[in-house]
Structures are given as structure tokens and as C-alpha cells.
Ligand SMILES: NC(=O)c1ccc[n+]([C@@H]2O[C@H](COP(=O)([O-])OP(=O)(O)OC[C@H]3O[C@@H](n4cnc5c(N)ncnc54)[C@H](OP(=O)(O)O)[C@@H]3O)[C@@H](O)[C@H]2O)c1
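One chain comes next, on its own, written out as C-alpha cells in the form predicted on its own.
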Amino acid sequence: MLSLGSGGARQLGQAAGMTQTEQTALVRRAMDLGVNFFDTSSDYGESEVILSRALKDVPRESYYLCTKWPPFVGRELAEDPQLLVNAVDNSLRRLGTDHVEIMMFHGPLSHHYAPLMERFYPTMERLREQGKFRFIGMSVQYGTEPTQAVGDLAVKRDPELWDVLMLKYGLLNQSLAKEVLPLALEHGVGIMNMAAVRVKLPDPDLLQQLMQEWRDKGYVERGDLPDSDPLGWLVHDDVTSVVSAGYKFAADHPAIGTVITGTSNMAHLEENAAALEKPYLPPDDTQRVKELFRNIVEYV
């Protein structure tokens, strides 16, 4: 249920200057906690190489890898399919393996979808036939397109062509539950849930500020949440923190195959794994959270 990501702000500790020894310890601790799925990308700094070193001497059949290729030259969609071929070969070399389980197009927007499919999907399919990966996927760029409309296009136009989508679904980002997640479930498209707990949810001051902004915009009724510690009511019994609540909610949809944690902090990794030992909130809390936030579409 929990997987370890190597992107975001942490990038397996690259941003914090962690040594390879520390990075390897993080990866190995994740495996001790039951994590056997690792997500990376060619544009996550040296994450592919770091993972390769951290997994050295670990039996290849005991873990799964997902990597990604951003199909852009500058800000424009690339045109040459050979770029994809080169990128896949380079990622495999950096990861020290002859195959990955999932290869993804990384971060196209909705207006890229049609030309992406025409220019690159046939090449991606050919590379899969060569045994370089088993499944084809796509990640969204939710910061630029909070609606994650490219995921909507994928499950409505070509669900049979997509094995996996990487999307953002969580306490404060529930819009995909209306159509995208049910369609993914119907068509057997796996969902990797990224960034479900990031930036504002773990920060009490930023979360309080966000709830005030949403009150001012009329998204949340005044009086529906306390001014101070607005989501503190979720913390009880086995829900040890708002972050724990966030991970539990993020996992509690039948379409979600895995929730990615991008932490480089060992204690946070252990807390996040503990949260998913029971991957759901109490029913009443789940219902209240849905009633409060399900219609809000913002970059959070």
C-alpha cells in the first residue's frame, strides 16, 4: 500500500545533502517496513542512481520500479520518438537493471494529450514489447493543472491503453473521486497516489491559513471548522496526527493501488507506514471530510 518516492522537495534526501549511506539506510528501512515499490524519474536529480546503489545486492524479484520520462524539449512537447528510446535506455542504465515494472510519460498537460499519443505511444508500446518494462503509465502535472484533466482524458478516451496513472488524491484534493477514480476502477487502470500529504496539510500554520482562505472564498462555511487546529478533530484513537489522517484518507479508495511517500526523514517514514497499517479513517470522519472538501479544486 505504501511506496517510496524519490521526487518532490526531498528527492531521496538530495535536497538535504544526505550521503549515499544515509539514503541507502532510508531505502532499506522502507523495505523492512514492507515497502517493495519505488518511484523515480529521469528528472529527479540523481535519484535513479541513488536507488540503484541502495538496492545493490537486493534480489531484483523482491521489489518493483517505476520511472518516468518528461516528453518535453524546453517547454514544448518533443517531436522525435528517438528521445523516448534514449531516455528509457538511459534510465535502465542508471537504475542498473534490464527492465522496470512501469514506464511513464511524466507530466503532460491536457493540451499535450492528443499529440503525445500520436507521436510517442506507438514507440512506448514497441519498447514494452522488447521487454524493457511491463506496464505503461502517465503522471499528471497537478501544480499547473489542478483539475488533472489529462487523467480525465486518459480514462475516458483510451482506458485500454493505460495500465497505470499517477494522480493526486487526498483530504484536500478530492475532485478525482467524482469521475476519474470510478472510471479507473471500472477499466482496471491502476492508480499511484502522489503528494497526498504535502506542504500545507503537515504544517499547522499553513493549514490554518488555507482554511481561512477557503472560508473567505465561500468554499467552507464559517463555523464548520474551528479557527485553530481546524482538522485536529481527526486525531483520535489510532489516528495519531493530521498527517496520519491524510495518509489514511488517501489510501481509502478502492481505485488506489499505492500511496507514495516522498519523505527523507526516517521517523516520518515509520509514522507514514504505521498510518497505513489501518488504511482508513472512522466512517463518520470520512463522511465529514468528504462533505467539507469534495467540491474544491485547487492546487494544495
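Since the model is a prediction, treat every value here as computed from it, not as a measurement. A residue's number is simply how far along the shown sequence it sits, counting from 1.
This protein has a second form, the form predicted together with the named molecule, left out of what is shown; the following refers to that one.
Tell me which stretch of 56-64, 228-236, 253-261, 29-37 has a heavy atom within 4.5 angstroms of the named molecule in the model of the complex. So the stretch in question is 253-261.
For the spot marked by G170, W214 and R294, is every residue within 4.5 Å of the named molecule in the model of the complex through some heavy atom? No: no residue has a heavy atom within 4.5 Å of the partner.
Might R198 be said to contact the named molecule in the model of the complex, defining contact as any heavy atom within 4.5 Å? Residue-level check for R198: yes, a contact with the named molecule.
Can any non-hydrogen atom of Y142 be found within 4.5 angstroms of the named molecule in the model of the complex? Y142 belongs to the contact set for the named molecule.
K248: touches the named molecule in the model of the complex, heavy atom cutoff 4.5 angstroms: Contact check for K248: no, nothing within 4.5 Å of the named molecule in the model of the complex.
Do P182 and the named molecule share at least one heavy atom pair within 4.5 Å in the model of the complex? Outside the cut-off, so no.
Heavy atom within 4.5 Å of the named molecule in the model of the complex - residue from P81, P202, P159, P146: Only one listed residue qualifies here, and that residue is P202.
Within 4.5 Å of the named molecule in the model of the complex: residues from 48-73 (heavy atom criterion): Heavy-atom contacts within 4.5 Å come from K68 alone.
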